[in-house]
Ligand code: NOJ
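We begin with a single chain expressed as structure tokens, specifically the form predicted alone.
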């Protein structure tokens, strides 16, 4: 049976109904039972020191010549370090690069060197190598780079997410790596948070569906030569920092934790995700890395996760230096391992295995506890085919960065662009003379964002050959375009004689703590540029390239607004295609775009969030709504029908709606189904997304779409922390179509 634990206290609550396992769960369970004999035989052969080594993960810096973080160039294996790491410490996992991307040949040389040492060790257990391949295999030169997660979320295209995942997995395996620290399933409820762009947006359903799809791409139905292990990040509650800054404290009541932050992880676990990375922060005063109620009671007992749990970077050490819940590193190791951590991303010293051995010798951590973790680690290695594996050759993966892969990345970039305003200025003609201005007008790094060839993604010398920023791309295409790198004062004179001004603003690359900001407003020089553009008599197209919604005043005179949420290497080509009408935009916002820097309400806000200072109900006034986006096509909705207007709690509701493309231009429309619970014992949201589908509709075509919603889909977490659908009246909204039904 499935136990339900309170995750904010040690106490557990009542049993809940037994759930039937999914097909994937059953297959996973049967497979694990068949493999236990091999894994158990390996485990039984290991010494305590070798078991501890399996739980230790070091970064590549610890294998090459030179100090950590400043390895000597070119990065070269250090035999003395290799001997220490593999023959003395028996380390079982390596991650990351030593500062920047490598060629495939270089990666494969590293793997051959590592394999030479592990093959000659007593246990001969292979290394599990992990990498952050979050939008393509980001640390391999000339790999196919896709849009970042938030941009992929703008596509609302689960099939595209799966395709991106599959290609990323293939090219990661082509680099000799089998473990991908992706996807991020944190839910982006605060636009200040610097890892906002690594998420699939603010809605539970959208994050869950996109997350499951990309995992299906990474892992496939069965792990084969083209697949990798996915790693869900970051369990649990990471994105709700009080300050909006990275790795700072969160306060999340358990009811909200279960309703908004947990479901996407549960769905991904049910879909067979093999590994999980833990939230670096603290929640309600307890660092997650020492929270046994989260890591064991919730994750293992309630959710039934059987895979590998790994820390984030140095997070056991941070229990001492940052969180102040442990007096020594040794105490921190004891606390985190006993809480449920399997593997420590150490990653730049040799102390962890030494101290863990002392803890075992002192009886503070049992060998049985080690066995739990090591069995999980060995199982993942077995499932990935690492035992007896050979390092691939370049020739084994001929489709690396192939034309087909690049075509998919370009398609994904096009689908990610969101047109938010168009006052009959787009599409442009290629015969027009353009002025392009703004800090991101010719910056490929800005289009890619962080985790691109380097951690911060800001080294232009490592950019993919033949890829350009927007200005460079327009030049390549023969457009009559002039670049203006000056400030707002000179914009008017430079715009004279031009048919249109393209202003490209936004953010430069960043990730994690370096991306913390003090204000959500764009920098003043960019705000001044936008204001100056709004005073021009020339048509203005504003393109915003960023990782989170930065706020600005939008003048009425700005004729068009396009949002480019880190579309990747092919972003400039995609932007050009939309500007000139060669691609019909179909992106939709996966988050609410605030109008003001201090206004962060999400689309599924409560009715009290509507109350304005004048006691009206118009306080929710974002710059752009969740789900917003324009097209060069024109769509009309009609004939919303419900299978019944009265249902029981066991019923399913079938919705039908007709969507008509009343233009001559074929396009894609994302049909969004929202449901409102009119009265509930827990204050209901104004609306919640309950289904969506992206559909291609030819010019002049009518399509009828059908959605099926179970009454359980309308549940919320009640005061007793149970999921409950209450009887009552509900409203359905699909675009301008509305209907009501009752649950009796």
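Positions refer to the first chain, counted from 1. Source: prediction; values computed, not measured.
This protein has a second form, the form predicted in complex with the ligand, left out of what is shown; the following refers to that one.
- Here is the short version: of 298, 236, 345, 437, the single residue with a heavy atom within 4.5 Å of the ligand in the predicted bound form is 345.
- Taking 196, 318, 552, 181 one by one, only a single residue has any non-hydrogen atom within 4.5 Å of the ligand in the predicted bound form, and it is 181.
- Taking the partner from the other structure, the ligand in the predicted bound form has a heavy atom within 4.5 Å of a heavy atom of residue 96.
- When contacts are judged by a 4.5 Å heavy atom cut-off, residue 312 counts as touching the ligand in the predicted bound form.
- By the criterion of a heavy atom within 4.5 Å, residue 247 is counted among the residues contacting the ligand in the predicted bound form.
- Proximity of residue 559 to the ligand in the predicted bound form falls outside the 4.5 Å heavy atom cutoff.
- From the list 475 to 483, 206 to 214, 88 to 96, 662 to 670, the contact stretch for the ligand in the predicted bound form under a 4.5 Å heavy atom rule is 88 to 96.
- Of the residues in 442 to 462, only 451 comes within 4.5 Å of the ligand in the predicted bound form through at least one heavy atom.
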